[in-house]
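Next up is one chain by itself, shown in structure tokens, the form predicted alone.
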């Protein structure tokens, strides 16, 4: 993946980029008329719905951009920070902000925009916001319990509604187009002489609305980049003719006992299975997590053999071909998966002689390896399950 990632710029340059984007954002707000408290308040009185149109358009544009870039593999959508939701405090905060909006004519962002061009009412609005911040800080010990209540975590609207992302996209666009049409009718009823929608060419806007809905359907049908990669890897894994590099349970046991420094065991089982039994030095990364940037620190060493272990060879093969698609090298899978390793080393069944002169040495090695590996397993459990380093997500929001 070639992501738009924060690693491409330093923390210091990040501030410069933020300043430039902030100035550009303020310029767009001012050009859209958002420095006018009368225009902003028009949303509540029904004579000017410019705010609704601009923000719905911005939301749809951002949504389309994220989906297209994510589908192309240029944007790691898992790196996008989703603000956690505290339902009751958010509802009360929204009511307070709405009252402030209708009384003062600004929201926090637009007040900064208007204050920047010298509007006196906006300057006082900003000062009032600063006083409110300090007042909340002083009252926080009394409000802490309520402020931290009804936590829902970083939920997404479509998942909380129990619908698919694609269906939500279509519904959102239909709602936006409907809101645009309803807003135009309300404006003409409230202010027949000066409604902004009087200048809108009806046929052009109907065509544009239909085009938006059609675009939403296309966006809803675009396959996700991660889904495409996982499906492709699973298909390749199901073809027996596609070769993979294998490592036998005996070889793995030898490398573990020998503390092989150039071996990285990547366990693709579930976290629950990994917590029950994890091989010494292994790291637990599920198949979807292999696509994330967080897994790169465990997989990027070219001269370290990455041994994939799982519940079955099928699961291991899927991870193997997925990592190959992502450009990783020096890969192998454990022959027979964890069950084969258990049956050979950790909980062996009756030893089956091959008739070789080395049978006695193999049996003694397995007995010694079992004792040593189980000792390492217990030591690893005492130290906690090992997970790859989780990168901090970029935080932000309006």
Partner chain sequence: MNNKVMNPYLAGFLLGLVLLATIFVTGRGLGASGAVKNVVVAAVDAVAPAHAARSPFYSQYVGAGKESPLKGWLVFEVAGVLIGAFASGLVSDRLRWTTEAGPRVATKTRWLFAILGGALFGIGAQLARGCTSGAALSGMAVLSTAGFVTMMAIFGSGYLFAYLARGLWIAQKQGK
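Residue numbers count along the first chain shown, from 1. Model, not experiment: these values are computed from the prediction.
Quick note: we don't show the form predicted together with its partner chain, though the next part is all about it.
K.L.:
Using a 4.5 Å heavy atom cut-off, which stretch among 258-266, 240-248, 304-312, 75-83 contacts its partner chain in the predicted bound form?
P.N.:
Answer to the contact question: 75-83.
K.L.:
Is residue 53 a contact residue for its partner chain in the predicted bound form, using a 4.5 Å heavy atom cut-off?
P.N.:
Answer yes; at least one heavy atom of residue 53 falls within 4.5 Å of its partner chain in the predicted bound form.
K.L.:
My question is simply whether residue 320 lines the interface with its partner chain in the predicted bound form - judged by any non-hydrogen atom within 4.5 Å.
P.N.:
Residue-level check for residue 320: no, no contact with its partner chain.
K.L.:
Using the partner position in the predicted bound form, report whether residue 362 sits within 4.5 Å of its partner chain, counting heavy atoms only.
P.N.:
Looking in the predicted bound form, residue contacts with its partner chain do not include residue 362, since no heavy atom lies within 4.5 Å.
K.L.:
How about residue 118: is it within 4.5 Å of its partner chain in the predicted bound form, going by heavy atoms?
P.N.:
Residue 118: contacts its partner chain in the predicted bound form.
K.L.:
Its partner chain isn't shown here, but in the predicted bound form which of 221, 99, 272, 202 has a heavy atom within 4.5 Å of it?
P.N.:
For this set of options, the contacting one is 99.
K.L.:
Just to be sure I understand the contacts: of 281, 211, 288, 89, which is the one whose heavy atoms reach within 4.5 angstroms of its partner chain in the predicted bound form?
P.N.:
After the contact test, the surviving option is 89.
K.L.:
Is it true that 69, 107 and 169 each have at least one non-hydrogen atom within 4.5 Å of its partner chain in the predicted bound form?
P.N.:
The answer is yes: all three residues contact the partner (heavy atom, 4.5 Å cut-off).
K.L.:
For a quick check, can you give me the residues of 147-161 that have a heavy atom within 4.5 Å of its partner chain in the predicted bound form?
P.N.:
Heavy-atom contacts to its partner chain in the predicted bound form: 147, 148, 155, 156, 157, 158, 160.
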